[in-house]
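Just the one chain here, laid out as structure tokens, in the form predicted alone.
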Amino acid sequence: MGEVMNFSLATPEIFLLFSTCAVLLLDVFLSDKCRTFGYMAALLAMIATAFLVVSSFGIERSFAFNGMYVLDNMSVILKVSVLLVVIATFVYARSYLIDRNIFKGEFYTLSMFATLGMLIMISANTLLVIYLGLELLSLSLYALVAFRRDDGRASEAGMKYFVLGAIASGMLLYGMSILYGLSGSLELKGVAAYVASQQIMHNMVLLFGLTFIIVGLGFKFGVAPFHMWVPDVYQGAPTPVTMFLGSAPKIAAFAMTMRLLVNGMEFGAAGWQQMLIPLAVLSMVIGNIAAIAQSNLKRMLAYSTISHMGFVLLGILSANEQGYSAAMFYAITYALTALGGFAVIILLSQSGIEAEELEDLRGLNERHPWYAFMMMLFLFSMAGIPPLVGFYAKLAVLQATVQAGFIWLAVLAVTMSVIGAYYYLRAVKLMYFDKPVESSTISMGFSFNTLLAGNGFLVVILGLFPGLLMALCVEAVKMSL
């Protein structure tokens, strides 16, 4: 029985759970002047969890808890990526939270619970565990979005996110219940065996269940036409929460899609490919065109995220190893780039001023050339301009799409990328060629500046030398299939 349960494989999750509870208890006894201790404890807990995850890299694919939990290289790489993104979010968020008197333990404990949900989702091997991880993530995010209680916009965004998220979770659960009813198994292996025995295009009940699952996944990715919550939530939530929401959960959504569609329904690829194509097309078209009309920087980045998630779907719907590894690479590197973009918004939002309009970027190069250069790097990477990592990520996805025979999709994706470059270049133009409205100096602490420099360095170095991360993604995907 001990071997079947094998608690040691889930050591990072168990450690993170106890650490989160410890940080929650510690916060009760801390005065407002001592909140830094809670922040440091949360940061150390996340770093220790990351080390525990890394220590399991390279082991053979293993199962625990009677097959409900799987540990493979894909889960290790995705978990490390999530943890590093969350650690960076904690460091970036600190100054913003202190300036607005919301430097509270709730931000860190809710973020840690959300991270635990993501780690569970990434290693889930049954429908039930996927759903449990998703709900732990979702419930934490609902509270985080409405975290700033005295802000009407944040409360409204939290309510919208909660209502639409609950509907999407219900649809996903309904789709899972149909799969369970048909296959008689909650395990992905049992679902896969059932789907392999069916002609998916002739099994209406199976297609019906698959449709509900795609709707749930589409909402969690924030892809069109299930994107209605993204711009409002991105704009209404405090910027550190928007940073968290727009980065790490996208990696977890990729993992959930891989587990459900690829591990669970690989033989039904003909069915879910046809459903993902319109989602990818709509996301790239709506995301890029709607972003042009935005004057709010956070809303612009929200529509940008929708278009980027369309690219991730392109990789997945290619339904080959190259596509899956390209989508994995894209999800990880996009999270890294989004982190930097929102970090600069936090940087501009000092002294309680919400600098989230495009106009707030005006003349940034005159005020602080280094920060303007960093923002330019992140925007150019999102636009897919070489030699930054965003270019290679898009190229890898496009190659997989062409290899899978969807040449028209690749042409559309390139066209939308060219259109999308406009709104990124508009932001760069404001920073470099316009006169500043504000004349105040911008400064941040050593940890923020160091992390921002490291973030920009990774965007460049992964673009110049993408081979190592891509090789890890390819190897991880091979092991997980």
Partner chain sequence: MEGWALLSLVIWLPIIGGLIVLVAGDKLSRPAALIFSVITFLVSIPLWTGFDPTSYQMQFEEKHTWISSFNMFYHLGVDGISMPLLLLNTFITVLIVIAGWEVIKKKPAQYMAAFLIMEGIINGVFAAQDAMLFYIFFEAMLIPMFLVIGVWGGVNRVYATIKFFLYTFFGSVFMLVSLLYMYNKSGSFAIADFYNLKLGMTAQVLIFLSFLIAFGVKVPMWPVHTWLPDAHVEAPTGGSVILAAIMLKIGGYGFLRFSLPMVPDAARELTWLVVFMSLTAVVYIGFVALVQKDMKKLVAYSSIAHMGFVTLGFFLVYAIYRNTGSYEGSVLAMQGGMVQMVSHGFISGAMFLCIGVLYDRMHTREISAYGGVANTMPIFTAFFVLFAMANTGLPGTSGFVGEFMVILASFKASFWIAFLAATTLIVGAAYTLWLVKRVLFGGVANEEVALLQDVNKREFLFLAVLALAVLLLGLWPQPLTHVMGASIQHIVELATQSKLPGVN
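Not measured: the values here are computed from a predicted model. Residue numbers count along the first chain shown, from 1.
Below, we refer to the form predicted together with the partner chain, which is not included among the displayed structures.
Visitor: Within 4.5 Å of the partner chain in the model of the complex, do we find a heavy atom from each of 365, 403 and 417?
Guide: Looking in the model of the complex, the three residues 365, 403 and 417 all sit within 4.5 Å of the partner chain (heavy atoms).
Visitor: Although the partner isn't part of this model, could you tell me whether residue 61 comes within 4.5 Å of the partner chain in the model of the complex, counting any heavy atom of the residue?
Guide: Output for residue 61 is no: heavy atoms all beyond 4.5 Å of the partner chain.
Visitor: Using heavy atoms and a 4.5 Å limit, would one call residue 399 a contact residue for the partner chain in the model of the complex?
Guide: Yes, residue 399 sits close enough to the partner chain in the model of the complex that at least one of its heavy atoms falls within 4.5 Å.
Visitor: According to a 4.5 angstroms non-hydrogen atom cut-off, is residue 180 in contact with the partner chain in the model of the complex?
Guide: Heavy-atom contact with the partner chain at 4.5 Å: absent for residue 180.
Visitor: If you check in the model of the complex, is residue 272 within 4.5 Å of the partner chain, heavy atoms only?
Guide: Because no heavy atom of residue 272 falls inside 4.5 Å of the partner chain in the model of the complex, the answer is no.
Visitor: Which residue, 116, 80, 376, 171, is the contact with the partner chain in the model of the complex, using a 4.5 Å heavy atom cutoff?
Guide: Of 116, 80, 376, 171, the residue with a heavy atom within 4.5 Å of the partner chain in the model of the complex is 376.
Visitor: Among the candidate residues 355, 91, 200, 385, which is the single one with a non-hydrogen atom no more than 4.5 Å from the partner chain in the model of the complex?
Guide: None of the others qualify; the residue that does is 385.
Visitor: Tell me which stretch of 377 to 385, 157 to 165, 71 to 79, 209 to 217 has a heavy atom within 4.5 angstroms of the partner chain in the model of the complex.
Guide: Heavy-atom contact with the partner occurs in 377 to 385.
Visitor: For the heavy atom contacts within 4.5 Å of the partner chain in the model of the complex, list the residues of 405 to 426 involved, in sequence order.
Guide: Read in sequence order, the residues that approach the partner chain (within 4.5 Å, in the model of the complex) are 407, 410, 411, 414, 415, 417, 418, 421, 422, 425.
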